[in-house]
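Same chain, two versions here, written out as structure tokens and called structure 1 and structure 2.
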Structure 1
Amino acid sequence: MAKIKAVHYINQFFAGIGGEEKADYKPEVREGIVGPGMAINAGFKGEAEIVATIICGDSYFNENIEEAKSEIIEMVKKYDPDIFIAGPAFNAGRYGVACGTIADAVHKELGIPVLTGMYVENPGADMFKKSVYIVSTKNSAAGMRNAVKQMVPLALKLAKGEEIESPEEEGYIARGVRKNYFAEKRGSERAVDMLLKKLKGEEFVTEFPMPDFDRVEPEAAIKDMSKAKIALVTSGGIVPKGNPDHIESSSASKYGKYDIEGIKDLTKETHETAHGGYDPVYANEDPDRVLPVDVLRDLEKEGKIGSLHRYFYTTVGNGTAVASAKAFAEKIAKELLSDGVNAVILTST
């Protein structure tokens, strides 16, 4: 019996080409196994084989999605694989979005079974969990061994066309697919059983998990705005011209803190947007449209606010993981509190 053929997709980092400085790397195909493909191929134990590895930089893919998809699909076609595997991407946002996007495209356009892996909070997981099997991984490459252990058997089952069991059994992220089945107890009995276990503090598994919404209680209103120090924070990506800290255009891994002491107006000569999720033309023409320094300076001059904080904080919200955004917020909030800021105006796109 012929071996199952697999084509593997990875980014520039896992290919050993480089980090962010090589994120614009164009799609390339290499015969055989590269990087994490070695662990995946070893896991196949001769039942399947990675025949080619496709490499693409995260920035190139996310900034040239249609071109990248077209190029990579043509590369995949040449090998006529039985399974296409992307990643795993863990919690790398742009990599996760790329893995989900190309896996979804390969499946839809070539009819090939596909599989990827990522952390549940990776933006790519939420975007593609309904159309692509995504094995749930840890949030960093330290979880590579466990990820491969889950991905290999599922990849083989997909390639063979075998029935895929529940997310709990196979280890993939729930896709929201419902299946009818006959239970031993009627629904009302099961509900009462769960309620009694909950009241007793015992463990139980709900049959219909509800979404977990993060709610924040609002602070009391500021009594006297004329004495308040106001700070500007944005996810709209406004940065000094040239983006000195190289904040990514999507799936940001960092934020920037910039001094606006003495600046009354942001201009196209001094500032721009690093954001890759909206048309930058109008923001670049007048960055105040996203970060209203000019308006706050007017209010400061009129005495309607006490002062504008000398630093603004900025990042890119496009595809950025929730966990990353929370981490940014915690650090920024501590600094603002220590600087005596009374209120923050958050702007987006």
Structure 2
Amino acid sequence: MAKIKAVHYINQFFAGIGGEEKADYKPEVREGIVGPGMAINAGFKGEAEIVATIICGDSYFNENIEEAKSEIIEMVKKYDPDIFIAGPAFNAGRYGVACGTIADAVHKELGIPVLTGMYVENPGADMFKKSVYIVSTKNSAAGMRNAVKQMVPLALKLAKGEEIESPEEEGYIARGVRKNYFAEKRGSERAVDMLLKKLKGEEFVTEFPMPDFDRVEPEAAIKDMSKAKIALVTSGGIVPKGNPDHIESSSASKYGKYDIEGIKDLTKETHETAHGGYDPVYANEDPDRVLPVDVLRDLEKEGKIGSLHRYFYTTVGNGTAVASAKAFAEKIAKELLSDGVNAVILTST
């Protein structure tokens, strides 16, 4: 068999082009191997080769999904690869969404096998685990070695059209595909075994995990906005200048609650962003671009809303664990309820 051709997709950061200030970098193709492609290519041990690397800024991709998709598909097409690999993206949200989106699109439009890798809490994982093989990685690039170790054999198998074993065996995130197989013991026996283990308090593995549809029913609409108390909440990290509570720029372990009584406008003198996951220049220049206090004050004055709640709540949604965000919001919601807040505007970057 001829050498397998792979095309690799990475973001501006892993390409070494730059951080957030370069996140609007447009798609570019480079012949050969860039960044993490080195390790992947080495892992192929000559059986496959990365012939081209496509680089795209995370913000560019997410803000221009359709254009980015079609530009990148054209680039991939030229190389007619046997496998398309994206990432791994670990817990980088925009990168994960980009990897999932482009892998899914390449597979659907060009019929090429695709593979990506990311942390299970990356929003891209939930969005694409059904349609794309996503190797389950750690939540930071410190997990690169392990990720590559899992991705290389799976990529080779996919490229060769070999049978893919279960998620546990191959290390990818379960896709919700059910596969028939012959078990050694029949169902009734397995069920009794499981029940006995359960009764003894031992560990057992279900054969049919229930899907987790965590959805919340929409709350009823506000009847009279001119009487409603509106609160602002953000994951965009807007804090008083100097970040008095030291909210972390990523993987935030806390949220802040800040008084805005008498403040008509957030300015670069009074507020800034603590978020480390987007280019902070625009938010620092005018924090209203993330937390629209100025406009809500006008609407309050004009009687369009009843009032703007005296406090805003803020955290940094950048690689922050879902469990942390959930815990923050539970506490925030309790306070908002007891303060008589009727509705919330939550802004995200």
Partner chain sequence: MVKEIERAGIPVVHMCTVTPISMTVGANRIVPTIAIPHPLGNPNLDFEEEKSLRRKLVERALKALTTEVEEQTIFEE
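Note that the structure is predicted; figures quoted are calculated from it, not measured. Basically, rigid core = biggest C-alpha set you can superpose within 1.5 Å across the two forms. Just so we're on the same page, residue numbers count up from 1 along structure 1's sequence.
The form predicted alone appears here as structure 1. Superposition of the core reveals a Cα shift of 2 Å or more for Thr273 between structure 1 and structure 2. Core-superposed comparison between structure 1 and structure 2: the Cα of Gly340 travels 2 Å or more. Annotation: Cα of Phe328 displaced by at least 2 Å between structure 1 and structure 2, core superposition. Superposed on the rigid core, the forms differ at Val239: its CA is offset by 9.8 Å between structure 1 and structure 2. We note a C-alpha movement of 7.5 Å at Gly317 between structure 1 and structure 2, with the rigid core held in register. The two forms, fitted on their core, place the C-alpha of Gly187 3.0 Å apart, compared between structure 1 and structure 2.
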